[in-house]
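The form predicted alone is given below as one chain in structure tokens.
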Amino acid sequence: MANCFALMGWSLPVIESVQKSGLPYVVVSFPEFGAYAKEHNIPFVGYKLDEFGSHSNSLELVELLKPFNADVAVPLYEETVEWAGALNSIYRDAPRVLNRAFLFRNKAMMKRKALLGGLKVGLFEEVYDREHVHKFLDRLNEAELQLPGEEDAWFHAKPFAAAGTVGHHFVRSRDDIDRKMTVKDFPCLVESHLSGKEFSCEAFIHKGKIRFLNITEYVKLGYSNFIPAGPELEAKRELIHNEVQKMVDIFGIEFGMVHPEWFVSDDGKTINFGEVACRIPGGHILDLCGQAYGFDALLAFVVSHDPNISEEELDKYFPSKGYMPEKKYGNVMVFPKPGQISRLEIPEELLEEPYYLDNNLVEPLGPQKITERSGFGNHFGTVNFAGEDPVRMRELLKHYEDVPFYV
């Protein structure tokens, strides 16, 4: 077992899970959290976790963590992935651990590694200005055998290192390039649009093997999802497991949890690789996973990073092998529409719905102006559901995506 887990970032749910377990830990986060940590007796090291680069001093951070006897670093959010990789490369005396962390943070590098390893990916390039994007679209149209006068092939433009859909543009035409993309978007990755149903996995890895695999069904990306997935996706569990293990092998992932996103092909026979992260996923996915399978998924996420934990000890943190929940657990993330809001309205039909569990929506303190959202990080709360029928679950989540809870 680890001497002490260094939790990189700030997440009260993770801190609470580790506290309840009695495992030794220290939180490494921005100094601004220091007062709260002291007040609540949270072991804490204040450190400016700025974007990792040649100026970053992980050796200094190792020294600051020595009084806590830390020997395993756990990244809690996107921008701490390289910091955790740097610390773990020192703790394990394995420099390649940091190199793998770079794969998770640079989408172009990630795609190249996936392609070299044999995962099915779309056409992609690194681009540096709009002219370069137009040339990429020429090549993409050519590859798609588009005829003169037909619509342009669709593609996505996304930053190399941002989480979720921050800075993401879905480009459907040549005009979109000039209309949607500005100088501040470059350099970035452009990649062809992958058709098919998108979903994610949460694969807990230990010693290079999948210890536990969850499949999350997206009803609408960034708005709603449920766990475990419906029968259509679960029927492909063996195929999905094999592809995730292939990705783990290609990327050389040894410990932790990975959150890859995939697309099931239209014929249902293959899955295409989208991208992968190795921190806590958005959409409260680990909360849903824990509710569905009856375990503390956040704690399992932490201990999966420990190279020294035995298989027997690890078993205690996961559901029994082969267990499949009877109920689906899902949620809708509530995003008020742009404009002015003044109050919260909970529909009576929601309160009478048998699948409805609860919500954490809060009444506004007063009139509030809502601007266009960036990525998936600024929802106002969630509405939670549980029930056995995946068809009914999809219906509910789709319906409540459009309900104006804030008016």
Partner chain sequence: MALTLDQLEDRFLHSLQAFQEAPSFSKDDKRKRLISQIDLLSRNEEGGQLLYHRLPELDESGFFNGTVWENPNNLIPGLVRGTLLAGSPTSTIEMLNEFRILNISEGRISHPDFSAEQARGFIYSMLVNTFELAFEDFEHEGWSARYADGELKKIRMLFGIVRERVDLQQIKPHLLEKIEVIVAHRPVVVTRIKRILSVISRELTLDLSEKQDRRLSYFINTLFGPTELARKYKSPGQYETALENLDADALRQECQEVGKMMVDTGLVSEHQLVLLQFVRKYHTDMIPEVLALNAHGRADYERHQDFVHQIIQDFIVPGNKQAVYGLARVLQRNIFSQKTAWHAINRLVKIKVHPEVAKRLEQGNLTRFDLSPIQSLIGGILCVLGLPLGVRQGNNPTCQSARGISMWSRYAPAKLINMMIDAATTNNVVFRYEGDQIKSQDVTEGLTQQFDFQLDPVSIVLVPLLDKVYNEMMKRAGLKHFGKDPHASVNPAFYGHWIQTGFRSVYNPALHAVEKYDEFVRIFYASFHPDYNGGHHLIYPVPTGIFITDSSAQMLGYHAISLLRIEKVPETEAWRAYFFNPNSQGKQDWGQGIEPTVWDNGERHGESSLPVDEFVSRVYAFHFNELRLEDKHHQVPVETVAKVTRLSKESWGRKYRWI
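Remember, it's a predicted structure, so these values are computed and weren't measured experimentally. Each form is matched to the other, and the largest set of C-alpha atoms that superpose within 1.5 Å is called the rigid core. Numbering follows the first chain given and starts at 1.
We do not show the form predicted in complex with its partner chain, though everything after this point is about it.
Q. Among the candidate residues 47, 44, 356, 68, which is the single one with a non-hydrogen atom no more than 4.5 Å from its partner chain in the model of the complex?
A. Contact residue from the list: 356.
Q.
When the contact criterion is heavy atoms within 4.5 Å, does residue 191 count as touching its partner chain in the model of the complex?
A. Although its partner chain is absent here, residue 191 would stay clear of it in the model of the complex, with no heavy atoms inside 4.5 Å.
Q) At the 4.5 Å heavy atom threshold, is residue 243 in contact with its partner chain in the model of the complex? A) The answer is no: residue 243 has no heavy atom within 4.5 Å of its partner chain.
Q) At the 4.5 Å heavy atom threshold, is residue 16 in contact with its partner chain in the model of the complex? A) The answer is yes: residue 16 has a heavy atom within 4.5 Å of its partner chain.
Q) With the partner left out of view, is residue 348 within 4.5 angstroms of its partner chain in the model of the complex by any non-hydrogen atom? A) Yes, residue 348 is a contact residue.
(Q) Suppose contact means a heavy atom within 4.5 Å; in the model of the complex, does that hold for all of 342, 352 and 384 with its partner chain? (A) So, yes: the whole triplet contacts its partner chain.
Q: Could you run down 18-42 and flag each residue that has a heavy atom within 4.5 Å of its partner chain in the model of the complex?
A: The stretch touches the partner through 19, 20, 36, 40, 42.
Q) Honestly, after the rigid core fit, is residue 341 moving at least 2 Å at Cα between the shown form and the other one? A) Yes, the C-alpha position differs by at least 2 Å between the shown form and the other one.
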